[in-house]
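There is one chain below, alone, in structure tokens, taken in the form predicted on its own.
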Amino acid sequence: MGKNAIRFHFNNMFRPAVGEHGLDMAAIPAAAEAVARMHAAMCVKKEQMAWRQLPYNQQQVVAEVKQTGAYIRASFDNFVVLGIGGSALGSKALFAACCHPRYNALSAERRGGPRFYVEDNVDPDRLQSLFDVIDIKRTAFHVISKSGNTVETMSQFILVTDLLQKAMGADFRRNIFVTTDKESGLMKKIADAAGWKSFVVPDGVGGRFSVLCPVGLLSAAVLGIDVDALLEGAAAMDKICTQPTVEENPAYLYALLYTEAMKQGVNISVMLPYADALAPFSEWYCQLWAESLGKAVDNQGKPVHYGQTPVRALGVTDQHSQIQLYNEGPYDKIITFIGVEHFRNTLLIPSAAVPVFEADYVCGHSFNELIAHEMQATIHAVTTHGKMNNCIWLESLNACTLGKLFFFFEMATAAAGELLQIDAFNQPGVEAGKVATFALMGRPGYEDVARQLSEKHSASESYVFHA
């Protein structure tokens, strides 16, 4: 197998492996008609799913991203992403998966580029701490908001531009880079008025599907990640994940098995990678799976309240935190293990410098062996306890295999939406919180909502304690 290979193992989803709480093998042929309908819908809607074109239609954009990335690498000491949700999680996943684990602590010579930060929250202590460790004059900021109505990102943007202007005067404009809508929206209006370098979130590419457009690609370019390999990996996975049957298409099989499990009341999806570098990828997956499939109604408007709660865990850390629950708790979870065959480093466990008595059996082995065996042991344990699980093995973790992973889960999510007959690309449940925030922050036009919130707050003081 080549260094960019990925293997998928689904046998432990079925009753022969895990017993009565697994899926019936007959569910696959029984679902042939539903899979055929799903595939037909995926083909018809392919042009609407603009994220599926990203591995192929961005030659000019990629050239501009690379050029801008090279400029930022040569001109700034720090690069900060200002975004939230899909505007941030992809960059965090790219950074962790492809860069040195202690990247920001390395010398400038070893890094080869600026320190990297993603600010995806509005915690005032965290935000202030950023300015305690960077020289703002030597920092490039990538502001990502398709509409400009994202209150968190816009608040960060206002703060940053104020600090930059105070520190640099009119020269501060060179420190700002923007990714937004190509034609409309508040952020587009601001960027055009200021004359900032602006990249586009393509129409039809929602935030949680945007990592392979400039939203994530600029971060990749600044970090020195191979952008071409990232997109080539996605394209290679696309060729597999457009096959019509679950026997040929791992994304379709993943979608089918998970939606069948949902019907059995399995409402939790655990992602458990055995590599620290993939922990933020699990965060990215959590938004993709939750926001896409958590829907109150189906395409006909019928109440369904579908969804599966994603949980991120990390091997081996969470073997000592969560596995007790997974092994002996309720049968309401599926676990996706992700392993890496060949890490970038091989680290031996040496002969001990002091007597370690019965612990000396590990000496002479490697940490690579240890983490692989820990994963195999945990798979065995949860399977023996009758819990459904599946496994994805990466031959190595690099830009190409990461591109494959991103695209696989995007396709699996879209296919699951079709099988459930829901809209996997909207997020109406997010809007209520946004509207309430606008009202509470005093945004014009939301006075009625602010009044309603005030009245509800006044009426809900019954069970409040002060300790």
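From 1 onward, residues are counted along the sequence shown. Since this is a predicted model, take the numbers as computed values, not measurements.
Separately, the form predicted in complex with a small molecule exists; it is not shown, and the next lines address it.
For the options I338, I84, V246, A261, the one in contact with the small molecule in the predicted bound form, meaning a heavy atom within 4.5 Å, is I84. When the small molecule is considered in the predicted bound form, only one residue from T383, T150, Q308, Q156 comes within 4.5 Å through any heavy atom, namely T150. Taking the partner from elsewhere, K434 is found to have a heavy atom lying within 4.5 Å of the small molecule in the predicted bound form.
In the predicted bound form, the small molecule lies farther than 4.5 Å from every heavy atom of E119. Contact annotation for P280: none of its heavy atoms lies within 4.5 Å of the small molecule in the predicted bound form.
When contacts are judged by a 4.5 Å heavy atom cut-off, V430 counts as touching the small molecule in the predicted bound form. Although the partner is absent from the chain shown here, S145, R208 and Q287 each have a heavy atom within 4.5 Å of the small molecule in the predicted bound form.
This chain is displayed without the small molecule, yet in the predicted bound form the stretch 287-295 from 225-233, 350-358, 287-295, 164-172 comes within 4.5 Å of it by heavy atoms.
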